[in-house]
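The data below hold one chain only, encoded as structure tokens and taken in the form predicted alone.
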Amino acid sequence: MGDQALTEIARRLVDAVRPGDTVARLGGDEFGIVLAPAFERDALTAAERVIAAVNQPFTAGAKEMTPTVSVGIATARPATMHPDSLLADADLAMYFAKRSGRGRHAVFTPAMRTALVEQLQLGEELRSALAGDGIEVHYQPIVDLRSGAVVGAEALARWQHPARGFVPPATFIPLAEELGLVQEIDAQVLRRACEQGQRWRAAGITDLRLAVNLSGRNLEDAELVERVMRILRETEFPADQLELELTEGVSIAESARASSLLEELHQRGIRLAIDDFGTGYSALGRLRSLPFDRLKVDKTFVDEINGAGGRSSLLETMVHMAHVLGLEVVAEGVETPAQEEYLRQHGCDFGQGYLFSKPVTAEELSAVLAETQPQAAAQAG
């Protein structure tokens, strides 16, 4: 099937360029196109034709697939520029195109080299932070919208760099994905969250569920279940108080291994949640065959409540359909009392966001818990 896909993509590339242009396969799933003579505007036009041509469904074997392509563009200036340098510039531009999303193109600029050097430096510093316990865990409360009680918390990785200061997760998590470090971050966060959860339990806070994010890369690892269960055994944290969150963009339904791993985790008593729902590619109906317990509605739908109509029809529909499927619903990014009231009126089960608390340290969350469980929480920091 892979060979069929490459052959079909090669045919589409040849059809998308001019008769005098050259198309070559460089290796793996990388192709090169030489436009000569050409100006940058010709290359941009060609890139758009290539993206449109490749991004069409086709059948390989018995499976229909829709490929995507990222395009890097470099212009030979001056005329004496070595072909290897031109290829390297186009490759770097393609890297930046990939980082900006699916089906994009980017034109090489010298600033990209500077950015790459900066990225490599940040990557080395991230490795050092992981080796030296430089990644912290903060907790954002999850609130029962009916009672107002804190019933859980999401454990979130935070990086306070000694020289750069706070490095946003939106910066270092994608970098960790690229460098193959995200599974190590997930494992560190999971262990520390379970250790802290057990400290809270020992202090008398016995009904707080902890949610931990799980990168899609973990679903490629056959050892995932054993790794999670080992951490639970070593920390003595109960499996039924752990919830693993997977972002909707993870293609779970298409992977038999991923579905099997999730089913095994669920059978061990661990709860599962689909995170950022509404921003990816899943449909509620597809979730019916997967062992999820919760659906977390993305903040963008909660923000719609602030619009002119003061409502979000999509959010209402998602809450209703999730309940039909037996899923609890958590609304992310709740920031105003009006949003909280609207969510409560329309049956949303739980809320998470700055209205209740920003992500805080374990000590700060203990203080939040002290309002409802003062004797227990006072011992739990």
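Just count from 1 along the sequence shown to find any residue number. Everything numeric here is computed off the predicted structure, so don't read it as measured data.
What follows is about the form predicted in complex with a small molecule, which we do not show.
S.K.: Give a yes or no for Val334: in the predicted complex, does one of its heavy atoms lie within 4.5 Å of a heavy atom belonging to the small molecule?
M.R.: Yes, Val334 sits close enough to the small molecule in the predicted complex that at least one of its heavy atoms falls within 4.5 Å.
S.K.: Spell out, yes or no, whether the shortest heavy atom distance between Leu208 and the small molecule in the predicted complex is within 4.5 Å.
M.R.: Looking in the predicted complex, residue contacts with the small molecule do not include Leu208, since no heavy atom lies within 4.5 Å.
S.K.: Taking heavy atoms only, is Gly123 within 4.5 angstroms of the small molecule in the predicted complex?
M.R.: Contact check for Gly123: no, nothing within 4.5 Å of the small molecule in the predicted complex.
S.K.: Just to confirm, Gly204 within 4.5 Å of the small molecule in the predicted complex by heavy atoms?
M.R.: Gly204 lies outside the contact set for the small molecule.
S.K.: Using a 4.5 Å heavy atom cut-off, indicate which stretch of 155 to 163, 92 to 100, 68 to 76, 229 to 237 touches the small molecule in the predicted complex.
M.R.: One stretch meets the cut-off, namely 155 to 163.
S.K.: Kindly indicate whether Gln140, Ser215 and Asp275 are, all three, within 4.5 angstroms of the small molecule in the predicted complex, using heavy atoms.
M.R.: Every listed residue reaches the small molecule in the predicted complex, so yes.
S.K.: With the small molecule left out of view, which of Ile270, Val182, Leu287, Leu224 would have a heavy atom within 4.5 Å of it in the predicted complex?
M.R.: Of Ile270, Val182, Leu287, Leu224, the residue with a heavy atom within 4.5 Å of the small molecule in the predicted complex is Val182.
S.K.: Ala129, Val189, Ala106, Leu262: which sits within 4.5 Å of the small molecule in the predicted complex by any heavy atom?
M.R.: Contact check passes for Val189.
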